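Listed next as structure tokens is one chain, alone, in the form predicted on its own.
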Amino acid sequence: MTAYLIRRFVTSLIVILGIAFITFLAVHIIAPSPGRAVLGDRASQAAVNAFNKQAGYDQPVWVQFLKYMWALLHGNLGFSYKSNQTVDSLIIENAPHSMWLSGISLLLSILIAIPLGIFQAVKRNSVADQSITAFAFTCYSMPQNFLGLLLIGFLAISFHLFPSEASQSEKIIPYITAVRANFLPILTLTLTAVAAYSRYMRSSGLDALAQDYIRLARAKGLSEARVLRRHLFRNASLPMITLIGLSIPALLGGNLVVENLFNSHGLGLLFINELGNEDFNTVIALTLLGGVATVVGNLIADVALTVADPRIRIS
């Protein structure tokens, strides 16, 4: 296990470095003169050149990248000239909101999708199974922004049950306690995740039902509830660990759409706003953060699967 973790750590570090370099290079190709983006179109060329020289943007890209990585090693993500504050502080201010939306949505998705998928596997091809399948396919194939707009149209505008806009509090505690205001963005994220998880869980449950240990358990005279709880549920849930680990970055990515649609404070809305403002230091930092989340999610999923199922051996 230790050797495996060391190898994965080294590999993950290489991947993160690659993501950082590609993002850094792409941004500098799109905006060869950051000074112009910061100072605006009305700034004189002399002022732009002076800014680029002072900030080090006139140096070769590889030199700028090495300096950026050196700053990262010291915990410095750069400075947001548009917001006039450090990128670190911007992320610290907005990350709790995204983590709350993603965490609650992930928890609800797991609690709903796993028993739902097991139910579908046991009731295969029944009316209930086909109805749930149709609903899941509809939610899964529907773009998140369109699904969110439908929820706003029905639950907020037509029936006035919930606000069409998320909580506007910049403080995390008032944001968390605003349950009605955050209901629609959480519901949008949850429905999309449940649609994917339940289909995956159904397939895993059907595979488990076809295994010999299920037949043996039934042949021993165990009750159906015990067979489902001790044998089917446990073994069918193992592949979900990998899926959940891989989907954590996807949930954060989904916040890009949901936070923008519901005008909710968070990293997703921050990314979209700063991309429009051409605040490339913040864009690079958030892209790198997404890459780190993807790598860490994969690693956590692999390790958790090994711990949950001792039969799996990491070589």
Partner chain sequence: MSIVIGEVAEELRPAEPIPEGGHVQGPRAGWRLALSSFVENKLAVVGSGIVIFFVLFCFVGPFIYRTNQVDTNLLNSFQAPSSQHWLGTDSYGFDELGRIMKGGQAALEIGFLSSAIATVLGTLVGAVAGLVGGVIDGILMRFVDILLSLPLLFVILIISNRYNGATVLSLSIIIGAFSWLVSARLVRGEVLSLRVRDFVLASRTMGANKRHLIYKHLIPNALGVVIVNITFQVADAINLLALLGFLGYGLNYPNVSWGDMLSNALNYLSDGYWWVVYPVGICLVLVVMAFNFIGDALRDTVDVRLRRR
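For clarity, every value in this text was computed on a predicted model and none was experimentally measured. Positions refer to the first chain, counted from 1.
Just so it is clear, the following notes concern the form predicted together with the partner chain, a form of the same protein that is not shown.
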Worksheet item: Are 75, 92 and 245 jointly within 4.5 Å of the partner chain in the predicted complex, each by at least one heavy atom?
Response: no
Response to the item:
Picking from 275, 61, 55, 48, the single residue whose non-hydrogen atoms come within 4.5 angstroms of the partner chain in the predicted complex is 275
Practice prompt. Quick one: from 153, 115, 103, 174, grab the residue that has a heavy atom within 4.5 Å of the partner chain in the predicted complex.
Written response: 153
Discussion item. Just checking whether residue 146 would be counted as a contact of the partner chain in the predicted complex - the rule being heavy atoms within 4.5 angstroms.
Written reply: yes
Worksheet item: Using 4.5 Å between non-hydrogen atoms, is residue 82 touching the partner chain in the predicted complex?
Response: no
Item to complete: Decide whether residue 137 counts as a contact residue for the partner chain in the predicted complex under a heavy atom distance cut-off of 4.5 Å.
Response: yes
Discussion item. At 4.5 Å between heavy atoms, is residue 22 in contact with the partner chain in the predicted complex?
Written reply: yes
Worksheet, complete the sentence: Restricting to 256 to 277, the residues within 4.5 Å of the partner chain in the predicted complex through any heavy atom are 256, 257, 260, 261, 271, 272, 275, 276
